[in-house]
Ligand code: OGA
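First, one chain by itself: the form predicted alone, in structure tokens.
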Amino acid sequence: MALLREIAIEKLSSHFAARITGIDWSNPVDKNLLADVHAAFAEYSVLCFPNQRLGSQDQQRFAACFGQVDGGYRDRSNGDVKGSKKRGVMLVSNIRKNGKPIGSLPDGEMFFHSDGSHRNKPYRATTLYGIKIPSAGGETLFADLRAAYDALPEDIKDQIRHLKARHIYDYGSTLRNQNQEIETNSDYPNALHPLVKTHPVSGRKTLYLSRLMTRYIDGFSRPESDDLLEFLFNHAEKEEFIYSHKWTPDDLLIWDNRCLNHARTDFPKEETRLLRRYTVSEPGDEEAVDY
């Protein structure tokens, strides 16, 4: 465990992810301490702050420390009255009222993905706050796409260096076969992104694809695309690149969508799971619709 001013940082896996204690995000944080947190985020890409007691506005203020927090009103609310939720704010929960989920992505496993990859300007980061946690399951798995890229054979690196892939997301789906391959219907937004990106802070190369949202490689026949994507999905999801976060109530997490995928394990349907999400966009991102 390394001491950094008054906070303590504990690494959680060999490649990335860290737990930070000694900071209370229910209050504003001074600029020197925030600079240390930014440095830790650049190094570890996933930060966990345990034992936080946060309201929605506290979490929004926290998210705003990392970029343009998505705090405007969103158009889709997955069953609630249109416009009743703020843009970028999502309750991730299996709780139901009158038979309808109170939030989004309620049940079961969720395949690996990067939030916002179906948008032309993906989300920079995601924050998630644990409110009610089941006794087992519901872990969030994080895959380090930088380490996955580094470990690729050189011939594969050469092959994918200039390729692009189409990302499509049918809102609310959690498994690959639930996604619709529609490029013209605005209900199913999609975007074309390079398979290999360079992280703007670290300068490291990273894969940019996911089993949930990446549908096909531009310019390839479908069989060729499917074969290469399946190889890359399986490679990126190898155990040595993954950190599994077991939630406890009042955990606050932030992660970097530019170099990580994340997934969710299944959990008992009879138990309650409730988390609150704020996304962080790149400064100047004015896309009107938030999915």
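Heads up: residue numbers just count along the shown sequence, starting at 1. These figures come from a predicted structure and were not determined experimentally.
Not pictured, yet referred to below: the form predicted together with N-oxalylglycine (OGA).
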Subject >> 92, 105 and 262 each touching N-oxalylglycine (OGA) in the model of the complex (heavy atom, 4.5 Å) >> reply: yes
Subject >> N-oxalylglycine (OGA) contact at residue 118 in the model of the complex, heavy atom, 4.5 Å >> reply: no
Original post:
Can any non-hydrogen atom of residue 113 be found within 4.5 angstroms of N-oxalylglycine (OGA) in the model of the complex?
Top reply: yes
Original post:
So, in the model of the complex, is residue 209 in contact with N-oxalylglycine (OGA) at a 4.5 angstroms heavy atom limit?
Top reply: no
Subject >> Close approach of residue 190 to N-oxalylglycine (OGA) in the model of the complex, 4.5 Å, heavy atom >> reply: no
Original post:
What is the one choice in 143, 165, 128, 125 with a heavy atom within 4.5 Å of N-oxalylglycine (OGA) in the model of the complex?
Top reply: 128
Original post:
Can you pick the stretch from 22-30, 233-241, 54-62, 262-270 whose heavy atoms fall within 4.5 Å of N-oxalylglycine (OGA) in the model of the complex?
Top reply: 262-270
